[in-house]
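One chain comes next, on its own, written as structure tokens: the form predicted on its own.
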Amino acid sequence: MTLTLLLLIPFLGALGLSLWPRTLCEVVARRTAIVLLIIQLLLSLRVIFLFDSTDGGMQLQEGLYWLSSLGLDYRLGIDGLSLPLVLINAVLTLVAAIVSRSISQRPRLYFCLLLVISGAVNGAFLSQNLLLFFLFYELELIPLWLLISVWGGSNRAYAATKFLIFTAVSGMLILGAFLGLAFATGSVDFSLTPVTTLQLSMGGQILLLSALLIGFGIKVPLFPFHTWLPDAHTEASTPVSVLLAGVLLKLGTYGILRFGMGLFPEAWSVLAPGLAIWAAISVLYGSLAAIAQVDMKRMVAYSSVGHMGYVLLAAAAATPVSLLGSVFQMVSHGLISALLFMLVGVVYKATGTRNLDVLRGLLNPERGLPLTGSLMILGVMASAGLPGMAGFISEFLLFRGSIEKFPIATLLSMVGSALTAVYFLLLVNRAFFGRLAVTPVDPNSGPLDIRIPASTLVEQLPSLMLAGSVVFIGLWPTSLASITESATNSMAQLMSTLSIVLPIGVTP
């Protein structure tokens, strides 16, 4: 019942808010959502105490026969791959609700949508039935579209529609692959059972796996299916960007690991060299595109394209160390990207711009944003993989686990990691160092001195907590490794026993 409560709390909370007999003001709606999300977080933490870290299989399983004739049953379970993501979802949804301080337009609907998204993400990470996963995967689509289209920026209609189209195509490809699998194998139980050549030819496996890879690749997003992400982030509000980068992108990487590699281990081995090349291209493209940006938010958005490519590289190698690194990367990217987007939101609220050609000297200790600048420096160092931060341990593990199988792709991805330091140093140098000023777009005008209202410690508390988490995982990686290592070892063992193992030293 514990896992079911992780779904019921946000869903029933959203239903309760929507059916509240009186008009809810922003403060009451926000406080109610925060209380519900704190309960969800506490319940997620309780799962850790019920979880056996030495067991690499599914635990705390719950099931209920539903529409068995259609293959749709209610089956939930959790392992070392899904538990960290459930925790990240609980933390970042709570953070998004806390930083939603100025929702004057339809606050009841806004916080209902946040709760629905949180419950749908939990359902997707916990589902042990392919159709049930798909239902939860699609359930978050319309709420996020509404969050962008109603509370977004001036070009929100275009960004929201683009997001909707791309994600709808993603869902169709995933559903088509699941239904095709059932049709080809003659089984309609839609369980998470690996398919071998004894059940389905290699050609059929590759076709279905390709559909899943493109479907989840859109969600990740990987190059060239990434174009919806920068627009969505640019127009979305700060809390929505926190959810989008920190939580929702992980549905794509989780799907690649759980369903792509998990369902088709033999076909995965055949496609692995190509997947490693795809990962390296995505990493390099995301990094180079980020360097070209002058909008701080778009720069952070393009960085996600690169950093999510690391997960595909680790999955292509499918070694115990690389798979462990992939989970670390999903967790660290969730925390770091959420931190960076919140800090960019603070800068935009204080100055009215995110343009790196305009901002200067925000680290000024008297009239600038010294705390925001300090946290930004910490966040970019973590994203660039500085030792002692969560980003370092994740990149070290996935590069170490991948280089023996795919040395060229891994080295190219390392170049992308080095480029991360370049574009984030450009961001920090342009916006936070120098004389505090806003340079007008008109070249004939001189710099304008500004006095920025200082942000309070209460406003920065969520950012401080995320920064502390990034350092904590970096200094004590066993806190996460102890939870997920058994599961990633089991996944690697599955690949080695059911797949065509590539010889050591084969390059993509």
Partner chain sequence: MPTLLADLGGAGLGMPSMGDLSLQLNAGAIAPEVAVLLALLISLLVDLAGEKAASRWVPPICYGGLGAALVLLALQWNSPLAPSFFGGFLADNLAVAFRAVVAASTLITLLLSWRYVERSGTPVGEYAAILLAATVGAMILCGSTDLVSIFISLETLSVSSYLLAGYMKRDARSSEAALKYLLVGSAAAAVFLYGASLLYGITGGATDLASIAVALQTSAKPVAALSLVFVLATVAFKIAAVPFHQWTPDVYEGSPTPVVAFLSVGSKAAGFALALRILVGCFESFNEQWKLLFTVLALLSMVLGNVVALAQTSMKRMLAYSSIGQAGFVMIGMVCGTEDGFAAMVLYMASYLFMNLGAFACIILFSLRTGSDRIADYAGLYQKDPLITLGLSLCLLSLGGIPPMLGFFGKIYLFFAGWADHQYLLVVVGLITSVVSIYYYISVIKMMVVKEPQEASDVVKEYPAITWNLAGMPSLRAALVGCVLVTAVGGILSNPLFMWASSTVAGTPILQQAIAASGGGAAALG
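Numbering follows the first chain given and starts at 1. Not measured: the values here are computed from a predicted model.
One more form of this protein should be noted, the form predicted in complex with its partner chain, which is absent from this view; the next part is about it.
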Worksheet item: Would L12, V28 and T32 all count as contacting its partner chain in the predicted complex, using a 4.5 Å heavy atom cut-off?
Response: no
Discussion item. Please tell me whether any heavy atom belonging to V169 falls inside 4.5 Å of a heavy atom of its partner chain, as the geometry stands in the predicted complex.
Written reply: yes
Worksheet item: in the predicted complex, does G274 have a heavy atom within 4.5 Å of its partner chain?
Response: no
Worksheet item: L164: heavy atom within 4.5 Å of its partner chain in the predicted complex?
Response: yes
Discussion item. In the predicted complex, does S69 come within 4.5 Å of its partner chain, counting heavy atoms only?
Written reply: yes
Discussion item. So if I measure heavy atom distances to its partner chain in the predicted complex, which of the stretches 252 to 260, 90 to 98, 307 to 315, 170 to 178 falls within 4.5 Å?
Written reply: 170 to 178
Worksheet entry | Option touching its partner chain, based on a heavy atom within 4.5 Å in the predicted complex, out of L356, M202, I214, I142 | I142
Fill in: Contact assignment for its partner chain in the predicted complex, among L131, V86, L378, V195, heavy atom within 4.5 Å
L131
Worksheet item: Since the partner is left out here, which residues of 213 to 230 would have a heavy atom within 4.5 Å of its partner chain in the predicted complex?
Response: none
